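Take a look at this one chain, the form predicted on its own, written out in structure tokens.
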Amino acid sequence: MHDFEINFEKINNKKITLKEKEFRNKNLKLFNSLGFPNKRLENWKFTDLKEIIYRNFDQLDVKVAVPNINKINLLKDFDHNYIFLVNGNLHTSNFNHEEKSKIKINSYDNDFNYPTSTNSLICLNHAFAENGYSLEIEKNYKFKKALIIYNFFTKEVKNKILNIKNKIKINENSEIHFVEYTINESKFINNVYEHIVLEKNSKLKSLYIQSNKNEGYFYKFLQNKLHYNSDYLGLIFSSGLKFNKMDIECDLIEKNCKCNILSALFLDKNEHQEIKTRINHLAPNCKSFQNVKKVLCSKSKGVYQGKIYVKDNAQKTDAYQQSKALLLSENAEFDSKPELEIYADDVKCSHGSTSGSVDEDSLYYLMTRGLNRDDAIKLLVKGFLEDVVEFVKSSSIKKFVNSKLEDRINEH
């Protein structure tokens, strides 16, 4: 395992075109030369993924059998549309609440025209990606109900590396709210490359959450392209995974874009979660707001790396970035690296990062009102994360998110 290298036969045995084979082989060669990322790389300076993988996996394979799924347990908390993915494969979908002619949903078709990347996980994805989905919303259509993307992983993926590609396109004057809901039964690595395009005047609200605590090791590279007056909101509640890194790039390509990324995470023993963002302000009069909050318990590790880049022509930029950590144990670790890179002179940009333990005066106050220490801490934790949850406007979805966070907090 410590000399982990994938053989070219994994690709050459596939019945594919010469163009596809060359593309996959080129990226596999790049991955094998780079290996899994470690702390020597600036983008991974707080997370040695190579060590994490070698410590937790004795063997890995890229080929996964697709199981037969007979029963789908859907959420009963609220009415919704859904896409059901099994080990990354598009299994079924249902848009009964919508005008189906306005929606295109397919298994993702790789076009093999991606530029060469220095990110070894992207190279690995380019080499082996077969699964995933493509979703497109036609012009002038607003979803009536939320879309739940059920991301279901079965026991068949144990000790596997899944490489998945997704593409979402929201056309002009359209709007959608989706929840990516992960259900995992196995210990494996999920390596995702996702591309989202928001056309003129479009809106996308995305929410990421897990159904339960599990042994999954997740990495997602998420690339967003925002056009004129588009609005993107990303809410991350991905507590419960053994390892998770969200690597997010947002390009604000045209004027009047809005990009908000917020997270509320509760990490328990030996869980490791990182959010890395790069917001590229490439046009005037755009706004971005980031608020990353983590609660860290014993031997957990939280990381935030955030960069705001402002191009010289991106005047009137309004960008804000903040990270806060609440440490409930001396053995917990929080690392933060906020950055600003600004080449325009008429901008409003700021960043901040704080971390600390629970305020003893607040604890004392609650305990004098009849709460024991543990219940008082839980109440303060909920209050600490609440302002992120408030960005969920749907009362039924907000109730659902709160219940999942409370379950995680009460498990501690």
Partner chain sequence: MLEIKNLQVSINNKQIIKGLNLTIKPGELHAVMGPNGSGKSTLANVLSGKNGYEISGELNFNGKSLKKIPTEKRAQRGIFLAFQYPLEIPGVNTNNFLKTSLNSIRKAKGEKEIDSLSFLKLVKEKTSELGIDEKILSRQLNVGFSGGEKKKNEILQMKILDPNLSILDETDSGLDIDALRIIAKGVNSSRNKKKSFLVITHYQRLLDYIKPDFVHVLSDGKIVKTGCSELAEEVEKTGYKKLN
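Positions refer to the first chain, counted from 1. For clarity, every value in this text was computed on a predicted model and none was experimentally measured.
Omitted here: the form predicted in complex with its partner chain. The next part is about that form.
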Kindly indicate whether 40, 48 and 54 are, all three, within 4.5 angstroms of its partner chain in the predicted bound form, using heavy atoms.
-> no
For the chain seen here without its partner, which of 370 to 378, 66 to 74, 345 to 353, 24 to 32 has a heavy atom within 4.5 Å of its partner chain in the predicted bound form?
-> 370 to 378
Using the partner position in the predicted bound form, report whether residue 366 sits within 4.5 Å of its partner chain, counting heavy atoms only.
-> yes
Partner proximity in the predicted bound form: residue 359 to its partner chain, non-hydrogen atom cutoff 4.5 Å = yes
Would residue 61 sit within 4.5 Å of its partner chain in the predicted bound form, counting heavy atoms only?
-> no
